[in-house]
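Next up: a single chain in structure tokens, the form predicted on its own.
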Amino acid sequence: MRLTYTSDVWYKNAVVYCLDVETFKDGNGDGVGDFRGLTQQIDYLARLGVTCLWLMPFFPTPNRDDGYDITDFYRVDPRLGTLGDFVEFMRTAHDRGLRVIADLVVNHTSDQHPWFVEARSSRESPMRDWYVWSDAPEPDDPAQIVFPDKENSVWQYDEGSEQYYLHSFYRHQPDLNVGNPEVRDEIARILGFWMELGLAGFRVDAVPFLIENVNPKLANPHEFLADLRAFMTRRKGGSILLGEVNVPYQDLISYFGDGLGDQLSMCFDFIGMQNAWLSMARNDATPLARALRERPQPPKDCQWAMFLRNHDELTLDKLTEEERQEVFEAFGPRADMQIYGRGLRRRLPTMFGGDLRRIKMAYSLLFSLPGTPVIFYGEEIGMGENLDEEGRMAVRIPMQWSADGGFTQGSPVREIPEGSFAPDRVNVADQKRDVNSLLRWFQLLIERYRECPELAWGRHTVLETGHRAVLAHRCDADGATVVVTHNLCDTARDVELTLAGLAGYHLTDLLVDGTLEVSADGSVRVPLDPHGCRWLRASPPEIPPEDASVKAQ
């Protein structure tokens, strides 16, 4: 497989770090994170090794849905700073070589947005068709109700204009109608505005809802995504759209652009993520191996975004009820740890009970799976959640910089958890000084991932291991190969791998010292510790392993 590297596809082996400005670092002492505080921590993020920052919504908001209910797409929430603070942050990030993308939340607005205030003022309002209205609510499909604990319908009656409006999410978030060309044009203007201020792209929220729940129905819903992508490419080559598309693989592939790759640049692999958790619950790699084998190849310049946790609940909706209960039992058996009956509102370290060996194995798995890794702030130090917070807010806690918290000199906007995952036990300052810390492990994984473009760019093959608990795969690109093995159980395993085309090669461990030799028949025995992981660079005996990697063309 011959590869050609260009800056236009930088995202194919990026390391994406998602953060909420509000909870990352307070720069003015008012208890709320802000762009000034975030700018102060850019060097920390650069030293960690991440290459792209993904900002959760930072726009003006009534804050009834943690910023996902927006009242102005062209400003910064005053609590978080000013446009000037944003521009200074962008300048500093670019100076350190970091790209920045932001949440694009245009499926809906806040019901306090001036657009909706005008739209609901009269049926004759010029902005009436910016939203979706009906004289009678259409029958509800229970599966389409995103928040069944809060809503029992996706239609809400508006007494002033005596019609119902559509809200795919909360009733205070009316859906925008991209069936209206004026709305589509306005969305393009929003993208153009923030790209002029330096953004490299957007993470698109709730993509299927955005293009499907419209009136009149679009003849080709995906044409809107293609138009957005074309607009962005004209404005700035290499800009990206990262899509939240939680649908089966056979439906998802069309969001890339049906072989053309002209719509979403990247899509999150929800199927792979959910099967990874099922595998870790069972100590059995079979579900994840099956998902990787079944996952379709995206178009040439597109990529899968890999993750284990994010800012939402850990959704398990694509598993069967029996499989979902297995994951609940293993990682969140209490009712207060679960949400909507289909997910968990916990962070990864607490799900593993703080077992550093298992936690390190899980993140090694994330960084070595074929695709672009996406991590959530605080994962690199093993932060926990606060189950006293409501719903998804449990995992959106203030960043823990030092033993006393370090997030703010005032009273923090959100409570910081106590107990085993409190700041005096889990913080950046202590882990910087500990060579065996999770933070140092993250730095190593990111460094090795960036040194192994085969993992992101190459052709991946799931290998037979002879042990259900062990996942092994190889990634090949341009004559270079990396072999990765993970033991999901707490018993040491020796696995026998057959590596076609690598007879006589050396396998150099990239995480710890050690070299294995592939026999003349192409087989090799790989010892694995309990919950052990190995990244192995293949090289002919006469070539140093550091010279056997894919080189930029």
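Residue positions are given as counts along the sequence shown, with the first one as 1. Everything quoted here is computed from the prediction, not taken from an experiment.
The following text describes the form predicted in complex with 1-deoxynojirimycin, which does not appear among the structures shown.
Within 4.5 Å of any heavy atom of 1-deoxynojirimycin in the predicted complex lies no heavy atom of Ala456.
At a distance threshold of 4.5 angstroms between non-hydrogen atoms, His222 is out of contact with 1-deoxynojirimycin in the predicted complex.
Proximity of Phe147 to 1-deoxynojirimycin in the predicted complex: non-hydrogen atoms within 4.5 Å are present.
Within this chain, Phe169 lines the site of 1-deoxynojirimycin in the predicted complex, having a heavy atom no more than 4.5 Å away. Shown without its partner, this chain lists Asp77, Asp478, Asp205, Asp262 as candidates; in the predicted complex, only Asp205 has a non-hydrogen atom within 4.5 angstroms of 1-deoxynojirimycin.
Site annotation in the predicted complex: the residue of Ala285, Ile375, Ile397, Val105 reaching within 4.5 Å of 1-deoxynojirimycin with a heavy atom is Val105. Residues within 4.5 angstroms of 1-deoxynojirimycin in the predicted complex, judged by any non-hydrogen atom, belong to 307-315 and to none of the other stretches in 307-315, 403-411, 378-386, 190-198. Scanning 400-418 for heavy atoms within 4.5 Å of 1-deoxynojirimycin in the predicted complex gives no residues at all.
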